[in-house]
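In the structure tokens that follow, a single protein chain appears in two forms: structure 1, then structure 2.
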Structure 1
Amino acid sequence: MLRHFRLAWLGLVPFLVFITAFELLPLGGLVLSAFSDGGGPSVVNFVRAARPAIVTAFANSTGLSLATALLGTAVGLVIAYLVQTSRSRRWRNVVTALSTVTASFGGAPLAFAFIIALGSTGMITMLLGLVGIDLYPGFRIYSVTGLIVAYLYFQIPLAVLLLLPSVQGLKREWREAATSLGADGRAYWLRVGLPLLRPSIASCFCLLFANAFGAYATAWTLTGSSVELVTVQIAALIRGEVQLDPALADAIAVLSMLVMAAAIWLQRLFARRQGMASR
């Protein structure tokens, strides 16, 4: 039995080598670079990260992530409920498959798709102009509002996939019991449905926040450097279009990792509470 146990661990060696080479070692190098200043250990890079442009970038990234996480969770919850209560199995399969595809579709291709559709000379923009509806200059896809619209394209499907199992766990008998006790639809959701789904909703919100906070390619392709975001700042410092400062970029990356780690920790906390509540 001990021999089989050792052979089982031996099968994990390629995976452990991969994780060490492509995750642990780069992460260690990132942290060492962030806490060094040429001569030795130092926090000067984090002090320099307090410059106004970087603080603005963190504020913009946080606001963008909060907005898309909130809207994505709310809309995703409604769609997940409609899918669950639908009597058509084909409709459920179509929505689930579409959510699976669109949740993983992002980056530069998504940005180009929105530029072609909603840009200043985009197809939808031109078609709306033919009927007298002018999106510009009130709406610009190359702004923070445009980023919110683009991010929701993959945030909402991800929320649907995350919330659908929890919505499926709501038993019809609970709704019938609440109705028999005189509760209407609003009372049921306020006192039964939403309290039961609260851990799942909070967990979904945290994951969507982390997902949006770390996004880069979509934001860069749509807005370039016109919208200050954390990921855009890191890329600019590494590429050296204006200045080359990889140590400062590493410090910003470490701070970003702390933000996303906090979001993931909260997600795991809510997921644990959800598991305890379902027992």
Structure 2
Amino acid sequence: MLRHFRLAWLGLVPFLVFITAFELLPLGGLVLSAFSDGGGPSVVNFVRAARPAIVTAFANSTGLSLATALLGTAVGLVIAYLVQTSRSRRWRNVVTALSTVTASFGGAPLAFAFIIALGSTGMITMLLGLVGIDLYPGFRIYSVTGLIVAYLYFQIPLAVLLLLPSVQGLKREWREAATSLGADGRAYWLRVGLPLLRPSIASCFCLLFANAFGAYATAWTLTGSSVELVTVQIAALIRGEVQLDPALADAIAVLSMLVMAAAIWLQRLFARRQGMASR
């Protein structure tokens, strides 16, 4: 029996070797190096990381992720609700297809599309100017606000895809039960619908947060290094543009992993609860 058990684990060896070589060792190495000062264990690298540029980067990344996760989830919920309550099936298909495609648009092409659309001489900028709305100079696409708009382009469809199944899972009978007890549409959503959706909404929010926090290509193409973000800083440290201080880069990397891993851990927690609620 014991021999059989050990043999079964042998089947996992190729996968575990690969994961160790290309995921666990590289990341573990960063953690070890971040927590040592060359001699022994130490948190000195994290103390050194508390400098203005890095604190700003974490504040910007967190703010950008919170804003786009919040707005993305809210708009995604509204769209999912509209799709669910619309009478035509075609809407559902159109929105699902559009969301599937656009949730995967990102990075350099997306950033560039937003420069073309919302740059100072962009198409939408000029169209809005025609009807008397001047975006510039109040708004700039090469700013944190611009990044929020660009990130929403992939955050909203992702939220629609994540929330649509749960919104569609709300049973008709619950609605009828609420109506028979005298609830109008608003009361139903506030007292029954939204509370039932709470785990899905929370897990969607966490996933969107992590998605935005780890993003790099969109921000790099759009704002270069003019907006300090955690991922932009780490990439700059890799290129050795800022300074050659590997241990400091490792500390920043470990902090960014902590933030994202926490978001994903919470997301899993809420997703499990969502699974229980729909049973």
Partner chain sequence: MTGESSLSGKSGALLRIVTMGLFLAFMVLPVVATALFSVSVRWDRTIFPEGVTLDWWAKVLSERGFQRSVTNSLSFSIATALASLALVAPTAFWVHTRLPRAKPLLEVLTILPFGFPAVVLALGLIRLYSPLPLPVVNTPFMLVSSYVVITLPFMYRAVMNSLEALDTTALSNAARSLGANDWQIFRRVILPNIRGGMLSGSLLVFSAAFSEFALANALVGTRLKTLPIYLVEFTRFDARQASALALISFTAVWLVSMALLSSPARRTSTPGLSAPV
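Just so we're on the same page, residue numbers count up from 1 along structure 1's sequence. Just so it is clear, the model here is predicted, and its values are computed rather than measured. The term rigid core refers to the most C-alpha atoms you can superpose between the two forms while keeping them within 1.5 Å.
Working note: structure 1 is the copy from the form predicted on its own; the remaining copy is not. For L24, the Cα coordinates differ by 2 angstroms or more between structure 1 and structure 2 after the core has been superposed. When the rigid core is held fixed, the Cα atom of T62 travels less than 2 angstroms between structure 1 and structure 2. In a rigid-core overlay of the protein, F15 has its C-alpha displaced by at least 2 Å between structure 1 and structure 2. Aligning the rigid core leaves the CA of N45 displaced by 2.7 Å between structure 1 and structure 2.
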